[in-house]
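Just the one chain here, laid out as structure tokens, in the form predicted alone.
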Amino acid sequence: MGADVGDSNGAAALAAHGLSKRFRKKVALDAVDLTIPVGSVTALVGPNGAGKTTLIRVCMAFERPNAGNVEVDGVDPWKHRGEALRRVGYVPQKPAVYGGLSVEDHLAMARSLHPGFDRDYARRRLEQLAIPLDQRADTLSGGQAAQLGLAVALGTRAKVLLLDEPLANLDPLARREFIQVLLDAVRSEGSTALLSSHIVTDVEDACDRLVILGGGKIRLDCPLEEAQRTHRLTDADAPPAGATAVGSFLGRGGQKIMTLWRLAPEGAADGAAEGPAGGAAAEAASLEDVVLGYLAAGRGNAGLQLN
């Protein structure tokens, strides 16, 4: 079983300090500072190539950083790899299943690789979803294979769960079931999850914290509630009072350029904010608006214009 959080410094479930990673001339992570609170479910959002997978791979000691360091439950995975990995449950985008083995065989293999693996706990999670233990992995649906991967990760009883876009290839029902199993486990076990995803609705349903990564840099890092409370949307160039521009993007229907603005947390009010003089009032931004604004900023689209 993974070591308890109390055995670490207790400061964070996952922390990065000045973390940088390059692949030849490409900068994947650029001096990233990040703290994931214990007990949170944090969404890691960004476009392809933003550095999401690289960040998770560094935390797993699959990639060595060029500068800075990470700590998983207080342990540096490059200094103490075995100890760090005992504290981590990992779910990749493509389920790591072997077609010739049954579901039960996968649990037995996990038990042989992880002496503390709780096979009964993993079985219960699969039985809740009516996934037969004697079913061959190559006959599982995509959602069932993803649930098998999650059950194996949960069976390690790790305190930190790293999920690298496991929802990307699932249908809506399978995504909902995956999220529910994850949330049940986090709440009952007191673990922490970092969920990388492109799907904003899933982030909104599952997560309490939002990290937006773009161009190897952290663009936003705050509780989900704060992300929505402190942002406004307008179709005008002038900002709401006390706001700073984030980025501009095409609104729904492609008819207007919308600009996302960020208010200081202490100045944000519920509902619509006052708009610019002579302009329409700013709208409260949805979570999708917040994500799109920061992704646009990461691509340098703050000055986007329609022809």
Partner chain sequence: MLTRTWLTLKQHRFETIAVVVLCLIAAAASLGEAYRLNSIQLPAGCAIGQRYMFGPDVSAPSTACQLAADRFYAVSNGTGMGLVRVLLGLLPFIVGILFGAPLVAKEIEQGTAPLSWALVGSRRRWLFGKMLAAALLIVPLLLVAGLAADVLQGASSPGLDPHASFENFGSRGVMVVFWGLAALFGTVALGTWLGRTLPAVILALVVCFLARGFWDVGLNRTVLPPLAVMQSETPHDTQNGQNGQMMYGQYAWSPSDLNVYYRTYLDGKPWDGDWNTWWNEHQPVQPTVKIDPTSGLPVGVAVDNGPGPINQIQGPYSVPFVIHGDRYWPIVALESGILLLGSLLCGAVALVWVDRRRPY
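Positions refer to the first chain, counted from 1. All values reported here derive from a predicted model rather than from experimental measurement.
Form predicted together with its partner chain: not shown, discussed below.
**Q** Within 4.5 Å of its partner chain in the predicted complex, heavy atoms considered, which of 61, 27, 245, 34?
**A** It is 61.
**Q** Which listed residue (147, 156, 192, 196) meets the criterion of a heavy atom within 4.5 Å of its partner chain in the predicted complex?
**A** By the 4.5 Å heavy-atom cutoff, the listed residue in contact is 156.
**Q** Given that the partner is absent here, state which listed stretch (221-229, 181-189, 199-207, 75-83) has heavy atoms within 4.5 Å of its partner chain in the predicted complex.
**A** Of the options given, it is 75-83.
**Q** Give a yes/no on whether residue 121 approaches its partner chain to within 4.5 Å in the predicted complex, heavy atoms considered.
**A** No, residue 121 sits far enough from its partner chain in the predicted complex that none of its heavy atoms falls within 4.5 Å.
**Q** Though only this chain appears here, would residue 168 touch its partner chain in the predicted complex if you measure heavy atom gaps against 4.5 Å?
**A** Residue-level check for residue 168: no, no contact with its partner chain.
**Q** Would residue 114 count as a contact of its partner chain in the predicted complex, using a 4.5 angstroms cut-off between non-hydrogen atoms?
**A** Output for residue 114 is yes: heavy atoms within 4.5 Å of its partner chain.
**Q** Quick one: does residue 110 come within 4.5 Å of its partner chain in the predicted complex, counting heavy atoms only?
**A** Yes.
**Q** Does each of 217, 256 and 297 have at least one heavy atom within 4.5 Å of its partner chain in the predicted complex?
**A** Not a single residue of the candidate spot has a heavy atom within 4.5 Å of its partner chain in the predicted complex.
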